[in-house]
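Just the one chain here, the form predicted on its own, laid out as structure tokens.
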């Protein structure tokens, strides 16, 4: 956190015309979350006294999506530039004897640690100027330090504002791409759009902004020049990882930023004791939590609030959403698990689907082309082949034969099937719910069971087999006679 008074301002009013979308730019998702969410998260990491978000196009959607308790929102009706956007927020720091953090809502890769470091750099500058930090909450004026701007050197600076420094390393001005001359365009140190300014100096500079530039907009970058002309200097904090300041202006840049963020997550989890095979093909989101010794193969998606515990192996082409996977579980190839719990030692798949608040018990096996929906499966229960188990409560050590279906829907309502411990369900059994199969009960293969089965009973429902001798020869003669 930053331990001096701070108001954070997030600029999120842009429509993002290059996205060619009716959706506000900051709501386009990166690894399952709006890009604005990541900016808000980094800002919240430093715990500002107040957070103000400037919204514009479809402001209601932005406000509801960001889900920021305690945030204040200011509407920018007309898009007249970043300087204009910050001017709209002045009332929230008009009498504020502290600092203002300004950050764009389309820079989702910036780390909270980087914002913290900018604050620490500012404090170091103030110390150097001889100001007692304890006076910061009482205010100080007429000092030369206006603030700090985060910068980086990028391989291709096209499109970014160039940072022009003086002989002492202080920022003289920030020149936008369209206003830069050929010499300035060769500068590869660029502006991130992230600043910490002393609030009283910022207000004075905002009041002097003009829009006499190629865009006809009020550039926030001009406040650096204005404050410098008054003997108040902005210092550059150059960061080494330039990817942190990458902004997102179109969908191709969105994809690039998403890949960088995904690699960050994978790097973090790999360094914390997990194995990724072909990590470039793995999709892993922010809320995923891995214990140690998890092994993940290629083309897997780990989505939402998913937890995976130690010793578990996720084979290729699996999708796991908002689920908890226990210890030493094996999720075999091409399986799909959503909103469910898989307990320790279970085996899922290949080609299995578990969904809708299902629980698979310890050491149970749900195998090839088996779907489990809204069901609870006990310990050491096996359903290895070609079955549908929906709205069922299945006990321990039950065997579910291939082709079993719990017929849970009567056309109007869903009904529950109960199968008690150690029951044996024969292959191709249709269990018409509501129904209960007792402990150690057996159903005969190919049966349609419509009534409860008592404990240790056999239920069988079949027509008597009929044999017609020489049927093939009779059918052949019939066709020959008809001429077909």
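Numbering follows the first chain given and starts at 1. Model, not experiment: these values are computed from the prediction.
Quick note: we don't show the form predicted in complex with a small molecule, though the next part is all about it.
Answer with yes or no whether residue 335 is in contact with the small molecule in the predicted bound form, where contact means some heavy atom within 4.5 Å. So residue 335 does not count as contacting the small molecule.
Does any part of residue 317 reach within 4.5 Å of the small molecule in the predicted bound form? Heavy atoms only, please. No, residue 317 sits far enough from the small molecule in the predicted bound form that none of its heavy atoms falls within 4.5 Å.
Can you tell me if residue 322 lies within 4.5 angstroms of the small molecule in the predicted bound form, counting non-hydrogen atoms only? No, residue 322 sits far enough from the small molecule in the predicted bound form that none of its heavy atoms falls within 4.5 Å.
Using a 4.5 angstroms cut-off on non-hydrogen atoms, would residue 197 count as touching the small molecule in the predicted bound form? Although the small molecule is absent here, residue 197 would stay clear of it in the predicted bound form, with no heavy atoms inside 4.5 Å.
Verify the flagged residues 85, 176 and 221 against the small molecule in the predicted bound form: is each one within 4.5 Å by a non-hydrogen atom? Contact check passed for all of 85, 176 and 221.
Would you point out which of 336-344, 201-209, 157-165, 322-330 contains residues with a non-hydrogen atom within 4.5 Å of the small molecule in the predicted bound form? Among the candidates, contact is made by 157-165.
Among the candidates 192, 404, 312, 358, the residue which, in the predicted bound form, approaches the small molecule to within 4.5 Å (heavy atoms): By the 4.5 Å criterion, the partner-contacting residue is 192.
Sort through 363, 374, 291, 104 and report the residue having a heavy atom within 4.5 Å of the small molecule in the predicted bound form. Of the listed residues, the single hit is 104.
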